[in-house]
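Here we start with a single chain on its own, the form predicted on its own, put down as structure tokens.
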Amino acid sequence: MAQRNFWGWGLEAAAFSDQQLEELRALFAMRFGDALAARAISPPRLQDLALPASRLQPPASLEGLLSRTPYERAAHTYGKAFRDIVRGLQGDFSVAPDWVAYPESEYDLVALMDWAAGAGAAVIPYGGGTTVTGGIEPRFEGGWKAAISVDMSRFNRVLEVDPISRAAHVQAGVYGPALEEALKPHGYSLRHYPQSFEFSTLGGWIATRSGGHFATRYTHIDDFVESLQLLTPQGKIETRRLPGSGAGPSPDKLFIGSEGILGFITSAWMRLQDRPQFRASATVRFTDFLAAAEAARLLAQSGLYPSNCRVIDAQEALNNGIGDGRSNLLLLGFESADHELDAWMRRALEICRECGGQVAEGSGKTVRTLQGERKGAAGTWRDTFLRAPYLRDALTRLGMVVETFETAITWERFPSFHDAVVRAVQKAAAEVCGGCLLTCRFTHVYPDGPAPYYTVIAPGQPGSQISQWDEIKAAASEALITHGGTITHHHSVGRDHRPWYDRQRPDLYAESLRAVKTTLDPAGMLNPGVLLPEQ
């Protein structure tokens, strides 16, 4: 079985080779010259890690659920943000959890929480570990005596499929590919494909309000949750399966996005989709980025609901091998399990042309497929998109600062908002890195606004990459909040976003959330410091 990388993204075998690193160096040297590191940073070896000693001894009854091997502890220390990768490359695992637990039942979870509460240990629910906001890192302010990372990967079964209501009862620890494989014989799909899909879990998606690959209609995991089960230190909560309800505030909404601070999501009933059999896609070119954004607005408000409506600026298109650096692209797609799509695509392309878009002759035809192939620029972009975290790790090894941030804003504010964000980030990057490549794309579009996603690539200084990014990130975050955006559209809050989330969130709501946490987790031991200050 292929092994996950303990310090970086994905599978060890899929990381860039030495030859690929040198090819990458040559490519980016044309833009940044001598700013690239003279020698690529070598990944750490597991046997060389200086992990702190475990501070807690478990009872004999729990030993079978627990591991403290160097690999398990290192692999559960960080998420997969840029600053996590840098610290991993440096071999700094000084905050590694004392133990990693692998419960197989709710009984195991109760026993683990009881032990932790009695021992004064913090407990971190762990899904796939792909967080980019410090959501699983044992980085605490309080005097916790130890940290236990609770890996939910053994809660990995599809328990029931309901073909009448088109839903499935799924345990929270199942990974994306395994879930889709289990649903495939029934002709269904969850249709939720975040970039982390291969290495993340259903419970993680729900806990962090994950955003999927598709641009309109069913975008957030919220749209798919029919009901869920949560195990808290005070007991079990199970919400009722309903297609909709007006009975007070929704308990599901309280736990979706709770990031492990209220309890363990153990399973959920999820709304399913029929697997698509028809697809249509087209690439539209625009000379002006804001004209492409205007086309995306009109498409989002048209009621056509494209599955893909992704605006990509000229520089990002070039970086991803789907553009020439002069044209901004709108990747447009439709899919259906029921009908051909020519009428929808025809009207969508009319909207794009009305906004000045150029469409290649013959593009946009419906293709019937049972295999799900995606071809052309959209297919190339999707492949590059899924490979991007490996590229990020490779550039980090070359001494670069490489990271992303994302947000959402209403349409009428987007032009001035985008300008302010770009100016703030470019100014900060010029001061700390001497300049940067800054690109933008829309990951999702709604009738009332887009979700812009920015990528920063800049030369770094050995030993200073984290501090350089922290300054750029702070400037970006200040711009997002000051000019009316959200601190995160789909990357969660974690520990890294909390200073700005504290400002975005209404104060009375914060007090209400704290009261709920106190009720469900009186000791405050579940993921302390996430969403709320530690108790």
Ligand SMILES: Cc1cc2nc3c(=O)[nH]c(=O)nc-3n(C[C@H](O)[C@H](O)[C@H](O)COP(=O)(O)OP(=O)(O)OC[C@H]3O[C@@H](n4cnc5c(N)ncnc54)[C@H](O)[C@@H]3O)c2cc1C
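It should be emphasised that the depicted structure is a prediction, and the values quoted were computed from it without experimental measurement. Numbers for residues come from their place in the sequence shown, where the first is 1.
The same protein has a further form, the form predicted in complex with the named molecule, not shown here; the description that follows concerns it.
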### Query
With the partner left out of view, is Ala172 within 4.5 angstroms of the named molecule in the predicted bound form by any non-hydrogen atom?
yes
### Message
My question is simply whether His497 lines the interface with the named molecule in the predicted bound form - judged by any non-hydrogen atom within 4.5 Å.
### Response
no
### Query
Would Phe442 count as touching the named molecule in the predicted bound form under a 4.5 Å heavy atom rule?
no
### Message
in the predicted bound form, does Pro452 come within 4.5 Å of the named molecule, counting heavy atoms only?
### Response
no
### Query
Of Pro251, Pro389, Gly356, Gly91, which residue is found within 4.5 angstroms of the named molecule in the predicted bound form when only non-hydrogen atoms are counted?
Pro389
### Task
Could you check which residue among Tyr188, Phe199, Trp144, Trp269 gets a heavy atom within 4.5 Å of the named molecule in the predicted bound form?
Phe199
### Query
Just one of 424-432, 234-242, 282-290, 125-133 has heavy atoms within 4.5 Å of the named molecule in the predicted bound form; which?
125-133
#### Entry: Neighbours of the named molecule in the predicted bound form among 185-205 [non-hydrogen atom within 4.5 angstroms]
Pro194, Gln195, Ser196, Phe199, Ser200, Thr201, Gly203, Gly204, Trp205
